[in-house]
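Below sits a lone chain in C-alpha cells, taken as the form predicted alone.
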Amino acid sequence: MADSDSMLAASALSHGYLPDRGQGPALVDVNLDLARGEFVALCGPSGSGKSTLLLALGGMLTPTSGRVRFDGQDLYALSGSERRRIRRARLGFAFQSMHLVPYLSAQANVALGDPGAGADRRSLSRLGELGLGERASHLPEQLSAGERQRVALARALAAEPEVLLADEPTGNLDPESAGLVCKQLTAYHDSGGTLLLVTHDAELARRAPRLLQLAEGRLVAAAPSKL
C-alpha cells in the first residue's frame, strides 16, 4: 500500500502491562495500515488487545514502542495539544464504555463532538438517525445501556471525522438498534470515511471488505470479507 494512500498506520507497535505482576504485553509488534476510505473490522477474543490497539491508534495511549502515523504524521511525536486537535477535528472515537458527561442531555453530549456552528441542530438530527430523537433531552442515567451506546456513536460521528474508530458499537444493542448503527456506519464509509471497528458481531464484521484478527496481542490473521 503506497504511503500516499495511508490514512492510519501502526509500525512495530507494542504496549506492555506490569510484567512484575505476571501480566504480559497487551500488544506485540503490530503492523497495520489503513488506506484512505477503507473499512476494516477487527475481531478476536476478549483480552486479546483490541481496545488497547484502538486507543493507541487514536492517540490516547502512548505505546511502549513502535509508531502510529495519522495521515503521514507521527502521532506520538506531536504534543498533547496537537493530538487533541486531530482527535477533535479529524478522528472520531466511539468508546465501548461510552464516557458520556452525566449532567448533560443526550443532545448536549453529541454536540460536544461538533465544533461548528449549528451543532445543536445537527446533533438532534444525528440522534434521530439512530432512533433517539425522542430521547434527546434525557440525561445518560435516564437512558438504557444500548441508548447510551448509540449516543456515544452519534457524538463520534458529529464532526464528520476523516477516520472513525469504534469499539464494539453494537455490543449492547437489540437487533433493531444494531441495524440502525450498521446503517450509519455503512453510510459513513460510503461517504468516504475511513472506518476501523472492533466487533464480535458477525453480521457487522461481514460488511467490512477486510477482516483482521488479534490473539494475545498479536495480529495473527488478515483476510478479505466473504461479502
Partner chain sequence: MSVLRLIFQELRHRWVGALLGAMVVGIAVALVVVALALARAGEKETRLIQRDVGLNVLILSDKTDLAGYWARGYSDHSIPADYMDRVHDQAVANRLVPLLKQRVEVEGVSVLLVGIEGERFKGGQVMKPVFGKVLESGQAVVGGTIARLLDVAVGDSLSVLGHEARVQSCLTESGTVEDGTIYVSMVDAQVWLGMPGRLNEIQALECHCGEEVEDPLGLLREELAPLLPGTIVLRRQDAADARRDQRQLAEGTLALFSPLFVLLAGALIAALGALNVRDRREELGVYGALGHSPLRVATMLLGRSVVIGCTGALTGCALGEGLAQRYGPDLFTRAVTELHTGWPLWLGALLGAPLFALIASLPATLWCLRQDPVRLLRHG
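Everything numeric in this text was worked out from a predicted model, so none of it was measured. Numbering follows the first chain given and starts at 1.
We do not show the form predicted in complex with the partner chain, though everything after this point is about it.
J.: If the criterion is a non-hydrogen atom within 4.5 angstroms, does every one of 84, 95 and 112 touch the partner chain in the predicted complex?
T.: Verified in the predicted complex; spot residues all in contact, yes.
J.: Quick one: does residue 77 come within 4.5 Å of the partner chain in the predicted complex, counting heavy atoms only?
T.: Output for residue 77 is no: heavy atoms all beyond 4.5 Å of the partner chain.
J.: Give a yes or no for residue 99: in the predicted complex, does one of its heavy atoms lie within 4.5 Å of a heavy atom belonging to the partner chain?
T.: Residue 99: yes, in contact with the partner chain in the predicted complex.
J.: So, residue 108 and the partner chain: in the predicted complex, are they within 4.5 Å at any heavy atom pair?
T.: Judged by the heavy-atom cut-off of 4.5 Å, residue 108 is in contact with the partner chain in the predicted complex.
J.: Is there a heavy atom of residue 88 no more than 4.5 Å from a heavy atom of the partner chain in the predicted complex?
T.: So residue 88 counts as contacting the partner chain.
J.: Given the stretches 177 to 185, 55 to 63, 195 to 203, 40 to 48, which is the single one in contact with the partner chain in the predicted complex, using a heavy atom cutoff of 4.5 Å?
T.: In the other structure, the partner sits against 55 to 63.
J.: Which residues in 135 to 156 have a heavy atom within 4.5 Å of the partner chain in the predicted complex?
T.: Residue within 4.5 Å: 155, and no other.
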